[in-house]
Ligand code: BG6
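Presented as structure tokens, the chain that follows is alone, the form predicted on its own.
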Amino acid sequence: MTTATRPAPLTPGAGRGEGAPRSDALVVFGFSGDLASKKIFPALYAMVKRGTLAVPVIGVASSILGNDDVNQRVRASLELAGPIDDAAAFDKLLSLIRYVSGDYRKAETFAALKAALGTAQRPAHYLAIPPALFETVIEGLGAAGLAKDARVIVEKPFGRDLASAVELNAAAHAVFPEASIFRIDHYLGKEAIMNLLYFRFANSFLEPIWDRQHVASVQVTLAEDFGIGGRGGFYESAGALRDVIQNHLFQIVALLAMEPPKYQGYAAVQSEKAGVFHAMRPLAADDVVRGQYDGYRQEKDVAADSDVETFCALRLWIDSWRWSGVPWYLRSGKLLPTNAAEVLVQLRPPPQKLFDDAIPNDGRANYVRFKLQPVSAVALAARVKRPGKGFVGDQRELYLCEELQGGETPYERLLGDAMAGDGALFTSQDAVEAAWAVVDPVLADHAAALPYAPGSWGPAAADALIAADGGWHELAPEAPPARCD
């Protein structure tokens, strides 16, 4: 008689690496880069303060830096993020850091890394480097014998189209097994994004209406009120569709559209998310509106005739039993009126209009609204009758706001999870390739990017795309409240 193994539960540390030993060192390739300075150093400092990081951190980059240079870079990074409020933790972080300078294409760089690792047997290699170098570094790790019992953490983007994603996955699998590959999308580490999964499946009242019979449309907006910020070289190779929509917004769609997992385990969640990407209809040219803010071509490292989009809106169809016929509208862009992210799930109107004002002018009587940033909140909208004899009502929202102060930052959570072997918040090979298959047809076959004024909501064509479904729900500028109650 055999005993069935219970799947890993949905609790921290219980992902695909349950039972695996923690990494005993963290290697950061790209240690002198912008990502390390802005995100990684503050995350490492926070981890030391929480007591979750006590292993060597080996930085690798081509820059020639002495110990004083490294320490100054770390200090400057933390001071930009906020005050260094724990001198002991800061000193401990500096004591953990070692630095290796070298060319990623040369074997001696990896030999020096191996020497710096010393007795560490299970390092986690974090590739905070341009995607063009991923394969080079992974192959170097394999050739140097630094992949055995190790993990590799790959920063997005995972390729720039379907073919390159398949190639990258093949290169990674030639050295590391899938269970040791952790594809970071920092958006998945945000508390508000994880709340989408929790809110859907910890509450039973949504399930009866969460389908094509009751949902008229869904729209997802990620707006940024800033430009490319000196990243012209990167943005020229990416654009809004690759940089934001194919990963961040698709992940939000997957959490909203997925079927209930078949058991209490992260593998089941990953499987259902991948199922959503497989059910997405490949995009056609008339499903996409591309925009470029006025002045983008004058940015540093941007081509004078660039057609790269800094704004993208699209109409998406998910050909599943649950969502067939329901349009999903996604948009994201730079230099928009506000810095916010929000989801609006528009419910269908009552089948019979018994009251003259039952449906407001914008047609949005009933909806579910998820605010993702700058605050995390869930709102349920309904019509409520005014006191008196007349059947006249007002639009009201039941607004549930969650304070997020004091929680782990996305990179703190994701680096800690990867070192623990917990793959819950990471993206699978299947999901990555299925998502690229959706956008692949329009990466080259698309209309020219339309100009739009900074501070606007993008080109007018984006409004026409969604006009049949009531237009975009506009996000008003809003600062995070001191408290949510």
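Since we're looking at a predicted model, the values are computed, not measured. Residue indices: 1-based, along the sequence shown.
Separately, the form predicted together with the named molecule exists; it is not shown, and the next lines address it.
- The stretch that touches the named molecule in the predicted complex, counting heavy atoms within 4.5 Å, is 227-235, out of 139-147, 85-93, 227-235, 195-203.
- Taken together, 160, 306 and 446 are entirely out of contact with the named molecule in the predicted complex: none brings a heavy atom within 4.5 Å.
- Site annotation in the predicted complex: the residue of 100, 256, 244, 128 reaching within 4.5 Å of the named molecule with a heavy atom is 244.
- Contact annotation: of the candidates 317, 104, 187, 210, the single residue with a non-hydrogen atom within 4.5 angstroms of the named molecule in the predicted complex is 187.
- Although the partner is absent from this view, residue 373 contacts the named molecule in the predicted complex, with a non-hydrogen atom inside 4.5 angstroms.
- The named molecule in the predicted complex comes within 4.5 Å of a heavy atom belonging to residue 248.
- Though the partner is left out of this view, residue 114 does not reach within 4.5 Å of the named molecule in the predicted complex, counting heavy atoms only.
- Residue contact with the named molecule in the predicted complex: residue 156 places a heavy atom within 4.5 Å of it.
- If you take 29-44 and check each residue for a heavy atom within 4.5 Å of the named molecule in the predicted complex, you get just 39.
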